[in-house]
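Next up: a single chain in structure tokens, the form predicted alone.
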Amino acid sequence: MAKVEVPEGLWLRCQGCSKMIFRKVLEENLLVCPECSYHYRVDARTRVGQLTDPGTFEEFNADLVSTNPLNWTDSIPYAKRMAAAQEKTGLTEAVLTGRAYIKGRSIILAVMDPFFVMGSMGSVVGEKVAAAIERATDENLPAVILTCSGGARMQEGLISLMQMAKTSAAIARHDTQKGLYITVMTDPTTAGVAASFAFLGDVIIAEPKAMIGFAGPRVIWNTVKAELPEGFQTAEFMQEHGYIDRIVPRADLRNEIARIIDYCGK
């Protein structure tokens, strides 16, 4: 069973429309409500299975693990928080990277996992993303990244913020070499990830109703007490204001990415 935000049981009440849905139907529909198209959050390995051609994903840099450079402790020591995330998700970090095929097109793929410390970007996430882009550049392959993150990981301080520059520099080199870079923003894509590699795609796609932006609505209200426009920081709002290129339902992502690769001659 996928590690998704779906409660236990044969039936569940949709978080989007409140209607009862048979779990098997939801899973067969790629974890999208068939009634209201609410897109549930999905773990990284399930994403890979949904998006890539069967049996083609070859993971690399799987052995990279974050250290504890600041000896950080809050309500839970950082080391214990990481161990719990690894046990919960079966991953070593908040992103999977590897080589794969999408409808026969060879790509370098990175997929962030929202259930690993909310997909936050620490030193290893930044390193894996940058290394994936560099491999795409060196092998003249399209880079495809699915973003899902609450932003930079505060437990690593400035080391986490440095990853914004590192990933952006790798993308700049990829662009210089005429490489194609596609980002797929899923719910949520915010803060340091949004302010770096998420918004640097040649083509930027988003899933419907995904939260996209820098600070989330709760953070904005709690800091400056500002009332936000209706639908602010949704994918639809961002498309209307020119920040993303298109909104693509989950079931259509494979076809859309393959079409973009063909159109761009990659």
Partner chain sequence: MSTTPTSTTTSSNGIAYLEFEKPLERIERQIEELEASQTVTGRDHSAMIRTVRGELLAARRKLYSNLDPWETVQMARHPKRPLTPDYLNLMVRDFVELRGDKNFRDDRAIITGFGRIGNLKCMFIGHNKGRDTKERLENCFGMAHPEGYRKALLKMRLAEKFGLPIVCLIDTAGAYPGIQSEERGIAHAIAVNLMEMPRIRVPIVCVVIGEGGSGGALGIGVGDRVAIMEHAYYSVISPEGCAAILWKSAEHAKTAAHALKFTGRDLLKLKLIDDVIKEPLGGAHRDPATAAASLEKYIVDTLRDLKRVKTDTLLKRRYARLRQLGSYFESQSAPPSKPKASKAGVKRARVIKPETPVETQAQAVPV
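By rigid core we mean the largest C-alpha set that fits within 1.5 Å across both forms. No experiment lies behind these values; they were computed from the predicted model shown. Numbering follows the first chain given and starts at 1.
This protein has a second form, the form predicted together with its partner chain, left out of what is shown; the following refers to that one.
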>> The chain here is shown without its partner chain. Which stretch in 75-83, 141-149, 107-115, 94-102 comes within 4.5 angstroms of it in the model of the complex, by heavy atom distance?
In response: 75-83
>> in the model of the complex, does each of Leu31, Cys33 and Glu59 have a heavy atom within 4.5 Å of its partner chain?
In response: no
> Should Gln233 be classed as touching its partner chain in the model of the complex when contacts are defined as heavy atoms within 4.5 Å?
Replying inline: yes
> Can you check whether Gly213 is within 4.5 Å of its partner chain in the model of the complex, heavy atom basis?
Replying inline: yes
> Using heavy atoms and a 4.5 Å limit, would one call Asp187 a contact residue for its partner chain in the model of the complex?
Replying inline: no
> Though only this chain appears here, would Leu200 touch its partner chain in the model of the complex if you measure heavy atom gaps against 4.5 Å?
Replying inline: yes
>> Heavy atom within 4.5 Å of its partner chain in the model of the complex: which residues of 188-203 meet that condition, in order?
In response: Ala194, Ala195, Ser196, Phe199, Leu200
>> Quick check: Asn29 between the shown form and the other one - does its CA shift reach 2 Å or more after fitting the rigid core?
In response: no
> Is Lys225 one of the residues whose C-alpha moves 2 Å or more between the shown form and the other one after the core fit?
Replying inline: yes
